[in-house]
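Single chain ahead, written as C-alpha cells, the form predicted alone.
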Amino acid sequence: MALFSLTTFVIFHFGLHRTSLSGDLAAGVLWVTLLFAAMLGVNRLFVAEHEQGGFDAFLLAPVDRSALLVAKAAALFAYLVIVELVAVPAFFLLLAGPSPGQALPDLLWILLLADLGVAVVGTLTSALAIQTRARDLIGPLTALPLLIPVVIAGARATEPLLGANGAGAVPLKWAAILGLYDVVFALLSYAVFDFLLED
C-alpha cells in the first residue's frame, strides 16, 4: 500500500510537469491516491480466514461475531495510518513542496476521520466480496461507490489547507460530513455483520 502511494506520487510528479500542486488539484491527487492504496488492503483483509477456514472456526467459537468486525476494522485503520505516515511526507516532498507548515495538524485529524470511515466500509465490503469467486473485482466495485462521500468530503476539507498562499481554515461542514458518515456506516456495519457472516 505504501509502495503504491509512493509510486503514484512519483508518477504525478513527473507526469504533470509542475514543481508543486495546490488547492483542489493537490487535494484530489492526495485523496484519490490514498483511496486506491486502501483498496489493496481491503482486498486482502479476509483472505487468510477464507483460505484457512477461519470463518468456520470463528462461527463455532462462543464469542460475539461483531468482535471480528471490530478487530478487522481496527487492523485496517492501523494499516491506513501507517501508510499515511509514509505517503503524506512523500506527497509534500514531491507534489506540495517540502514544508507542510501549519497545514499538517489539521490534515492529520481529517485523515483520521476518513480512515475510520474507510476502515468500517472496507471491512464490510471485504467480508461480502470474500465469499465470491471474483473477490478482487467485487471488493473495489462495492467499496468505491460507498467511499465517494469520503473522497469528496476529505478533498473539500483539505483543499484550503493546500492553498498556494498558505493553509486556510478547515471548512467544518465537510469535517462534520466525514464524522456523520463514520457514525452512520459504523452502526450499519454493526447491525448487518452478523447476518453477513452467517451467509
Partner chain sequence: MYGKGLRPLSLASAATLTAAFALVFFYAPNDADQGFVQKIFYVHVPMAIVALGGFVAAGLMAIAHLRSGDRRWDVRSYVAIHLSLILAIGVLVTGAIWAKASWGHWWVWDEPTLVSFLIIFLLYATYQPLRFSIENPERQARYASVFAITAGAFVPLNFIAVRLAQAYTHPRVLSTTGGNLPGSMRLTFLVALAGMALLYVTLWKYEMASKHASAQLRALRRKLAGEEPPLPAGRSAAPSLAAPAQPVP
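Positions refer to the first chain, counted from 1. Small disclaimer: the values here were computed from a predicted structure and weren't measured.
One more form of this protein, predicted together with its partner chain, exists but is not displayed; see below.
Between the options L40, V32, L146, V70, the residue in contact with its partner chain in the model of the complex by a heavy atom within 4.5 angstroms is L146. Against its partner chain in the model of the complex, the set V81, L116 and L161 makes no contact: no member has a heavy atom within 4.5 Å. In the model of the complex, its partner chain lies farther than 4.5 Å from every heavy atom of V10. Among heavy atoms of A186, none comes within 4.5 Å of its partner chain in the model of the complex. Not displayed here, its partner chain is kept clear of V170 by more than 4.5 Å at the level of heavy atoms in the model of the complex.
Although the partner is absent here, A2 is not a contact residue: none of its heavy atoms lies within 4.5 angstroms of its partner chain in the model of the complex. Contact annotation for 112-145: residues with any non-hydrogen atom within 4.5 angstroms of its partner chain in the model of the complex are L124, A127, L128, Q131, T132, R133, A134, I138, L141, T142, P145, listed in sequence order.
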